[in-house]
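In the block that follows, a single chain appears as structure tokens, in the form predicted alone.
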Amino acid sequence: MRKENIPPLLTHEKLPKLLNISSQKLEESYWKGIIKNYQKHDLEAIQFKKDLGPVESGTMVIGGETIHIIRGFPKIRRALLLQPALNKHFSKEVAVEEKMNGYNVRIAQIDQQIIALTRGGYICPYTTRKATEILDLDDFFQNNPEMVICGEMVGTLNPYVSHYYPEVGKLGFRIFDLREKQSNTPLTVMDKRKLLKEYGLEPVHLMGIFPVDEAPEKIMGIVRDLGVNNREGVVMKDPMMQLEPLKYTSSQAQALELEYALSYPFDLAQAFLFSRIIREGFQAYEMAESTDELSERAFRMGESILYPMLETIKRVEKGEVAAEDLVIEVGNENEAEEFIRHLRDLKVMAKLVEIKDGKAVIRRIHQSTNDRVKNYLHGGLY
């Protein structure tokens, strides 16, 4: 092994025991690119880019006065058909929480510094700043230093997924889990809500706790109502958090995702299209929709695929760029540029358009869509 190039933190004598992974496996994984050195924000840290043994993708290990391990948020699997999935997966009761349309954030305290990590294990400067503005976290972390707050950043000034919630407005944070830092063990649904209430922190909406045999019908009705109100869906949990949760989303949310992806078809569509179509097919089957309801679903789905792609082709044909404008609140230009550097670390092409009235407009360019649409408009072959 080329030990001279391995990050010192990766060879710390305590790390194999803390992670339950051998030192040899850690070093091998570094050379394979599964573990990356993270040199940002004056931190000595490593990231897990993929799952490794018991450690989840997105895990961040940070050195300092002590070693801090912020485990990645576990992937939540999806139920395509509620009735058989819930009966097979849960034994007694199902707690149903709202799944909000934003981006997954973990907030933790590291040697008296509060940081916010996005799903892949990157510290986002904008999210860190806004989380500490929106939430009063000092007392919580003073008394719960080994806890990680897992939640969704939502609102119209959300730079990753902009979605309007009447009760949130520009930007807000809703908490769906509290987990122990090193073990990733979550609090139970009710213990979580009790602790959050003590500190004035807001959880996602608990839609109810239902017996398993009643849950499918109840959840189907909840998801229908959420969809009509332009909301995303639900996460279904064992109230004691001893089983993995499942998720289920509304048809309207799936259509909005398709609309977004097909606006930039050569950058996003391949990752979005097939899974959303599959979800729609199984949901339509289980809901046993009428002819009119099925026609409405098909119409909504077709519109979300065709129209946004057509609009993008027309824009590029006029000489415009296939891009989307993100709006964030900033105190100065340095904060905007810091966020752009963060996006570039994520391999996102972005540039600052303007800063006005405390808001920065950042243009995210979807280069593949731009280049390939231009090529086809000029006779290129597919």
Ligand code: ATP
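All residue numbers refer to positions in the sequence shown, first residue = 1. Since the structure is predicted, the reported quantities are computational estimates derived from the model, not experimental observations.
Another form, the form predicted in complex with adenosine-5'-triphosphate, is not on view; read the next lines as being about it.
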Quiz item: Would residue 235 count as touching adenosine-5'-triphosphate in the predicted complex under a 4.5 Å heavy atom rule?
Solution: yes
Quiz prompt | Contact label in the predicted complex: residue 99 to adenosine-5'-triphosphate, heavy atom within 4.5 Å | solution = yes
Exercise. Verify the contact flag for residue 73: yes if a non-hydrogen atom of it lies within 4.5 Å of a non-hydrogen atom of adenosine-5'-triphosphate in the predicted complex, no if not.
Key: yes
Quiz item: Heavy atom to heavy atom, is residue 204 within 4.5 Å of adenosine-5'-triphosphate in the predicted complex?
Solution: yes
Self-check item: Which of 183-191, 75-83, 282-290, 138-146 sits within 4.5 Å of adenosine-5'-triphosphate in the predicted complex, heavy atom basis
Solution: 75-83
Quiz item: Only one of 162, 128, 104, 230 has a non-hydrogen atom within 4.5 angstroms of adenosine-5'-triphosphate in the predicted complex; which is it?
Solution: 104
Quiz item: 89, 218, 300, 119: which sits within 4.5 Å of adenosine-5'-triphosphate in the predicted complex by any heavy atom?
Solution: 119
Exercise. Note that adenosine-5'-triphosphate is not shown here; using its position in the predicted complex, name the residues of 240-273 with a heavy atom within 4.5 Å of it, in sequence order.
Key: 247
